[in-house]
Structures are given as C-alpha cells and as structure tokens.
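The chain that follows stands alone, in the form predicted on its own, written as structure tokens.
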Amino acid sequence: MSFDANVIILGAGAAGLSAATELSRAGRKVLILEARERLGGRIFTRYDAVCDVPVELGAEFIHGRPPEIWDLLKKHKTVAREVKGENFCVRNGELCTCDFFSEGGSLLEKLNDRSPDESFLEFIERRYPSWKTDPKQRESVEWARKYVTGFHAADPGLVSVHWLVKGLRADEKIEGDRAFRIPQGYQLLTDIFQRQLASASVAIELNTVAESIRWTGRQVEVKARSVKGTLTFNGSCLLVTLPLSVLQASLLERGQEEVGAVRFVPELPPKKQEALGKLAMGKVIRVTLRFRERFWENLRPKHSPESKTLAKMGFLLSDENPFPTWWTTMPEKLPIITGWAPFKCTEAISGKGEDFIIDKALDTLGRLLKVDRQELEGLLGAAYTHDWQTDPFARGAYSYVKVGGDGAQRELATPVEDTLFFAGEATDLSGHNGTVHGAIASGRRAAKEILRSMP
C-alpha cells in the first residue's frame, strides 16, 4: 500500500502534533506516522479510578508559565494548579525540613558561559578545589549535583556548563522555579491537538514503525511496517520528531534489525551526525504508588526542631538508591506518592520488569520513612511505572548538551535541502529542551520552516 502527502511527520509526540496543527491550518496535506498505539510520545497519562485522578508515567509538571501551554489551557478554560507543600530532606539518616531548591542555588549562580565551556564536575573542581574537605562547600556541591542529576537527569561529568546557564536564564523568564500540574493530566493537551487534527482531516497512522527513509530534493519515501503489512508513504518533505536516542540509534545501527531504528538513504550529512554526537539522553525511571491511606500524614521526623508531621510534605530528597527523590500530590491530599530514579540510579532497575521496580520503590520508601516493608505492602492499592530506557521508541527520558556542544541543537534543528526537517525537545533553541513546552515550540518552529520552503 502507498500513501501520499505534502508533509509526512514522523512521531506523534508534542512536537509532531503541534507542527501538524500549524501545517494543516495553512492548508497543507499532512500525514502523521506513529510507532505506538497511542498519541503523546513521552506524554503518557494513565488514570487511577479509585482516587479519580490522572497518573503521569511521563511528563507531569509545567515548569513556570510557558505561553505554549498556558495559552492552550486558557483557550480551553482550564486552570493549572500550582504545586505546594513542605520540602523534607534526609540528613545523617534523619528526616528534616529543608529548602533544597535554594541550598545549591548560590553555587549554580556562579556558573557562567563567558569562559570556555566545561563540564559541571570540571567547574566544581576548578571553582571549589577543597569541596571534599570543607563541610560547608561539600553540602552546597552535593545539593547542586542533585539538581543536575535529578532535575536534568544528566551526567555531571558530561553536561555542559554553557547549556546549564542557558537553561537557568530561560527559566527566569517564565518563572521556571514554580511548578504546576494540569488537573486532567497532560493527556488534556494531547486530546486538544487530536481534536484539532481530526477537524482538519489530518491522517494519523498508529502502530506504524518507520524502517527506512529515502530522500532527495523535495521528495521523501518512508517505508514502514504495521499490522497492515509493509507500507510506503510519499511526501514532498519529512518532519522528524524522533527522540534524540532513537535518532542516534538509527544512525549508529545502520539499519540493523532493531525495533525503532530508522535507516536514512542517503545518510544524514556529517554535520548533522556530528551534532547528534554532542547531545546526550538523560535516564529516568519513575514509579507512582497509590496507597489506601496517606500513612505519612501523622509521621513525625524524629529530630525535627519544628516538630512538624509529614502531612504537608511536597518533596522529599535523599541519597537513598535507587529512588532518592519523592513527591506527593500536594496541595491535593491524596494517598499517592511518586519516586524518581535519575541518572545512575536507573542502572540497577532498568530492564528488570515492573514488579522489580515496584519492589525496590517500596524498599526505598520504607527506609526513608522508617515504615515496615510489610506494612507498606498491606497499604498498597496500585502502582504505575514505565521503563523509558527500554522503550524502543524513547530510549531515555529527555536530552541535554554535552560539554563542548555549543550549537549542536541548532545544527540538529537545521533543515536539510528543504526536504528533511527536525523538531522535538532536543532541537529546542530557547533553553527549554527537556520540556513539553520546548517540544511544542520546536514543532511550531519547524512548521514555519516547512511553510517558508514550499512554493
């Protein structure tokens, strides 16, 4: 079977859906190919019927007030809820209140992009040579390292200081230190795009895995497989919104028989491949546990000078592996808590299966809150998780720039011969890559490029 379109879009995540919306509004015939059985990409919302709330397996928070998301919510009469709650940390094995979002802030403020680029660890060793022996410096460094590995899911020995500075500046412009949730979950955005595309009669082929892309000047042929068999799609141009790791694997594996790998014929230009080598994909596994009650409601840290209970706990940060970070649904008081395993923490649990991940999550939570493991098992009502590292259509969480990678995102985003175009959070140029709003912005940017290239 063969299908034709003006523009073929590879991937139905936030970038692909937003680009398709803009292109269809301009009267272009658009076809979206999606390997999964659902839309959304790394937006993956489940639903817990007992608590009557969405449960996010992918993106959860809106970071700040980005117009790409807030304008959509306002248009559809939805108000995002700001995340509230008290922050707790584990120090010397005991829970205590803390402000960990600012404890490493003074150190992060010293990052700059005026000197030659370096990794975060190189910056630490140069700027704080005695941090390992100075208790006060060591604490600041550890908090800042947690920010880099936890928030960005990045390797501190690889991540670019220039990139970190760009992100911090971008966040300042949109109040990025504030976090919000969509009451209906991120699925609401996917549903909004889906309705817009349906009204414009945009074709979407789900469960369709692209295997090869043949391209030449203003002509593209995509071969894919689905339950319908081998399919061929022809278009004037192709918008690639594949996650960074999938695109990297597609080049490195040279079309080997591995799910998700796509072969480009001819190969992408050397500059494009070089740019891909300067970017990396962060690693994260998250697990959400729904209990029969908020058992932490009356727990009181043993040595808390304020004698506060955990009733208003929003975030909990520790060094406990494999889930050092946890958060609740505050300000909504639900018996739900989410564990976050970033960076190297994923290595011990990725690929081991959902039961193994849930088991390790219960172990970690029990140790942190000093609650008996059997008691937690008895209280557990449901658990939700998704291993993005072993997902062949994601192969990781979200992207970051490696040291020396200045300009790599721009090069990755640059069109090739007005035939191949690129979008997705890894191609965002504003400092918001790794976010849903960054992905949406990249899709809109790519749509404008495509429209300008067309006669």
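The shown structure was predicted, so the numbers you read here are calculated from the model rather than taken from an experiment. The numbering used is simple: start at 1 and walk along the sequence shown.
Beyond what is shown, the protein has a form predicted together with a small molecule; the following relates to that form.
Student: Even though the small molecule is not shown here, does residue 170 get within 4.5 Å of it in the predicted complex, heavy atoms only?
Tutor: Result no; residue 170 lies far from the small molecule in the predicted complex.
Student: May I ask you to check whether residue 208 falls inside a 4.5 Å heavy atom distance of the small molecule in the predicted complex?
Tutor: Residue 208: contacts the small molecule in the predicted complex.
Student: So, residue 40 and the small molecule: in the predicted complex, are they within 4.5 Å at any heavy atom pair?
Tutor: Residue 40 belongs to the contact set for the small molecule.
Student: Check residue 61 for me: does it contact the small molecule in the predicted complex (non-hydrogen atoms, 4.5 angstroms)?
Tutor: Judged by the heavy-atom cut-off of 4.5 Å, residue 61 is in contact with the small molecule in the predicted complex.
Student: Of the options 420, 26, 53, 57, which one has a non-hydrogen atom that comes within 4.5 Å of the small molecule in the predicted complex?
Tutor: Among 420, 26, 53, 57, a heavy atom within 4.5 Å of the small molecule in the predicted complex occurs only for 57.
Student: Give me the residue from 403, 31, 408, 35 that has a heavy atom within 4.5 Å of the small molecule in the predicted complex.
Tutor: The option sitting close enough to the partner is 35.
Student: Can you say which of 259 to 267, 226 to 234, 310 to 318, 130 to 138 gets within 4.5 Å of the small molecule in the predicted complex, counting heavy atoms only?
Tutor: Partner-contacting stretch among the options: 259 to 267.
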